[in-house]
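Coming up are structure 1 and structure 2: the same protein chain in two forms, each one given alone as structure tokens.
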Structure 1
């Protein structure tokens, strides 16, 4: 088991296919609407028409796959009134269902929408980094699933050495907020964090 498991997302290879989302649903039997991994589409650009009826444009789009980043400074843990949200012995942020009362403060505070309310259980649920698999030496589901090999996982310090600190890319929140254990290669089309050049364009899908 890794000491500080972290995700690495190669957004320049992410095709937006959502295999990570569906394989996670299958592995974790998630009810409809509960999405432990979410693929956001960030789209922008403008069209112009010339007098001859032809068009010019500067349209761009890219996808960002996000689950829980098991942050160094997890706001969900800080705000949880029952201590249900905690960092477990494997350094994975997880929910103790014996303590969770489903108040959803964690959901309201997490800038990544990682904690997801399960209405059937009346409790919060979230990515547990497939630690059951990791304990057996297996690969987390989304990592093994990714057709483009865009999701990887590893020791946070080692990933940082290879890919640097987490970057502030639209539409992600500023990493200073929660210090996510997340490394990445941004998409070729990526816009800086806070960019208003585009917008999240698939709200119903995440």
Structure 2
């Protein structure tokens, strides 16, 4: 097992196919509406008149695949009143269903919307970094399923050396909030965090 498991997302390669999302739902047998990994489409742009009177456009779009980042300073763990949300012995943020009362405080406070309420169980659920597969030396499902190889995983410090620190990219929250274990290569169209130049165009899917 890794000491500090982390995800790497290559936004420049992600095609928005959502194979990672679907494979996660299938592997974990998630009910409708519960998504441990989600793919957000961020779009924007408009028509502009050029000095010669003709028109052009600056339309852009890019995708962000996101799940729990097993943060170094996880808000979900801080706000859980029963200590059900915790970091296990392998540094993976997970939920103890024997303690969870389904209060949804973790869901309300997580800036990544990682904890997901399962109404059938009456409990919170979330990405567990395919803990069961990692124990067997296997790759997390979302990583293995990505046809573009846009998702990778590994030791956080090694990924940072290879790809740099997590960046503040719209529509993601400021990484200073929870110190996510996430590194990425931004899309060439990526806008800085907090940008109002675009909008999430598929809210019903995430």
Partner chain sequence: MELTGKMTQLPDMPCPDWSRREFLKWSAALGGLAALDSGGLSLGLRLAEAAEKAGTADEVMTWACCVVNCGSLCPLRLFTKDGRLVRVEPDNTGDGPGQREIRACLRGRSVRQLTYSPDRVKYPMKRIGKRGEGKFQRISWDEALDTIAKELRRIIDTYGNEAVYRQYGSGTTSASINRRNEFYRLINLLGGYMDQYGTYSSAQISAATPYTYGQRGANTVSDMVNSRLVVLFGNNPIETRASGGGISYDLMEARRKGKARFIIIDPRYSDTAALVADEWVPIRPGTDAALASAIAHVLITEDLVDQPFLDKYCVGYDESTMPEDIPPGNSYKDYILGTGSDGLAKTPAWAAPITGYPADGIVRLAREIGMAKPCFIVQGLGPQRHACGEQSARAILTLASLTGNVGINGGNTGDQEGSWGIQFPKLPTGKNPVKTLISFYTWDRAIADPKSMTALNAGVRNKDKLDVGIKFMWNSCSNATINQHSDINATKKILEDEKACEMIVVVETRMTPTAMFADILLPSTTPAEDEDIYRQGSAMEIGYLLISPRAIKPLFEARTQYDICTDLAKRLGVLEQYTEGRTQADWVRYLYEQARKMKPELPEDFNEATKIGLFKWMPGKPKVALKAFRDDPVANPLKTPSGKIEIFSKRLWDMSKTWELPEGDVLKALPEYVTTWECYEDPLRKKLPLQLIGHHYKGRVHSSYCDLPWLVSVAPQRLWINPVDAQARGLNHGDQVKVFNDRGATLVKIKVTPRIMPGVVSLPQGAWYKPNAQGVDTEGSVNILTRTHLSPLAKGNPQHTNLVEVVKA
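Just so we're clear, the structure is a prediction, and the values are computed from it rather than from any experiment. Shifts are known only where both forms have a C-alpha. Positions refer to the first chain, counted from 1. Just so we're on the same page, rigid core means the largest C-alpha set that superposes within 1.5 Å between forms.
Source of structure 1: the form predicted in complex with its partner chain. After superposition on the rigid core, the sole stretch of at least three consecutive residues with Cα shifts of 2 Å or more between structures 1 and 2 is 47-56.
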